[in-house]
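Take a look at this one chain, the form predicted on its own, written out in structure tokens.
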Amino acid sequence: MERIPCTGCSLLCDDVLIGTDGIFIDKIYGACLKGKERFDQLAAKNRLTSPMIRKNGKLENVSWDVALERIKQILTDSSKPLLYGFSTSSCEAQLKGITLARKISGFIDSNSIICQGKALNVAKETGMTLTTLTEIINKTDLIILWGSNAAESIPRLLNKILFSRGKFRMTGREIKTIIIIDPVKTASFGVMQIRDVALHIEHGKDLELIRVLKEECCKEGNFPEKEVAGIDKEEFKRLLLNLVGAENGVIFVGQGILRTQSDDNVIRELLELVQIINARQEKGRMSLALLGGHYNMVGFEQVALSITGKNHSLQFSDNKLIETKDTIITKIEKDDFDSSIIVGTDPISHFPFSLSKNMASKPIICIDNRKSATSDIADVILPSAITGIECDGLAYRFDHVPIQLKKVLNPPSGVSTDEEILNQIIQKLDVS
């Protein structure tokens, strides 16, 4: 048996055990359904194993040289290429992606821009109190899920932080309180006990709730006389007392807050609320944790920030980074692109129809290990190895802690890693 990190989600569990003979994985212990799905992809029916190009409207298997030559032709004819995805690639591959974008005067963005990247942008102005998984396990006595269905999006998170006994929380679940703030009764509500607080907020009223909390946190012993955002005054009182009375609390911010359509003011005022709470704390603190879905979404932020000083939405021209307010969304909306390279994601399925339609109208180069709506309409497909199983590399957990991934099997014959594929494209473009 071998212990490896699991790339099923951004929790990057490092306690999953596998049994392998070097050719197949026949035993998996400790993985959740998302983790198991990652291992199942090794032999899945939708696995991509051969390069393909579109001929006469149909995708056909070709050699790597033919596929790379077609990519060179597309990029040579392109003046405004987009690169997008990279959240299911290693940091090494993300670095190669940025290098390629620089070389072809392209625009590169990751999945983070429609998720936690928004919060990190706001935090540049307001600051942000972050924490780590280890601190949460060892110190936290209050856990808040705000717009987050952790039980399904990151299945083992609650098991690790709510039911575990940390160094300074030896009694575990008995003294930990969980508060869920959500307009929908999700699967996460199933873990609640008598001491916990379930708050069914009215849809779109997060900002109203935050503003009242900010106001009440500046007072002593006063509470509203009427309901707030659909929460009655007794429930609001319990929420407020827990917020200001916890020794160490953490607010897990999910897609309900981070989603693309949400107002940046929601994030900004939530960060300010945390600062107000911490100003009142005599010991301990309140922290935030941003729950991104893909396992290395944070990695792209780290890599981009370390080499460019900007965490996403990088526009290059003449081998230099230039200032832009665009994101992958605005680029596609304005039709300000003429080709795209998609790595390890499926924007055709995930984006609104209008954006998908615009993207589909231009040549698409798809680098992935599985078939998707994006690969189905792509002009070129390059199959990639599954990072964390068929190749190693560095990834960053949701709490910004680096985790070294392991290689346990060889990829199918002729299949390369994301890093190798991007490097091959760079080398191909260098050939005169």
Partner chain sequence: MELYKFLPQTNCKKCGKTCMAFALELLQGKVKISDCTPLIEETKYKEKYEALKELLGSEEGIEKELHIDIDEDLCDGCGICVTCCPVNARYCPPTLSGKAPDVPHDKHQLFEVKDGKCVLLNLEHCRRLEADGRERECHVCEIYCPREAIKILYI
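Residue numbers count along the first chain shown, from 1. Everything numeric in this text was worked out from a predicted model, so none of it was measured.
Another form exists, predicted together with its partner chain; not displayed. Remarks below refer to it.
None of 153-161, 238-246, 208-216, 331-339 except one has non-hydrogen atoms within 4.5 angstroms of its partner chain in the predicted bound form; the exception is 153-161. Judged against its partner chain in the predicted bound form with a 4.5 angstroms heavy atom cut-off, the residues 43, 355 and 373 are out of contact without exception. Its partner chain in the predicted bound form is approached by residue 174, whose closest heavy atom lies within 4.5 angstroms of it.
A residue is said to contact a partner when one of its heavy atoms sits within 4.5 Å of a partner heavy atom; residue 103 fails this definition for its partner chain in the predicted bound form, lying far away. In the predicted bound form, at least one heavy atom of residue 36 sits within 4.5 Å of its partner chain. Although the partner is absent here, residue 420 is not a contact residue: none of its heavy atoms lies within 4.5 angstroms of its partner chain in the predicted bound form.
In terms of contact with its partner chain in the predicted bound form, the residue from 310, 165, 362, 280 that brings a heavy atom within 4.5 Å is 165. Checked against its partner chain in the predicted bound form, the residues 305, 123, 321, 191 give one hit for a heavy atom within 4.5 Å, which is 191.
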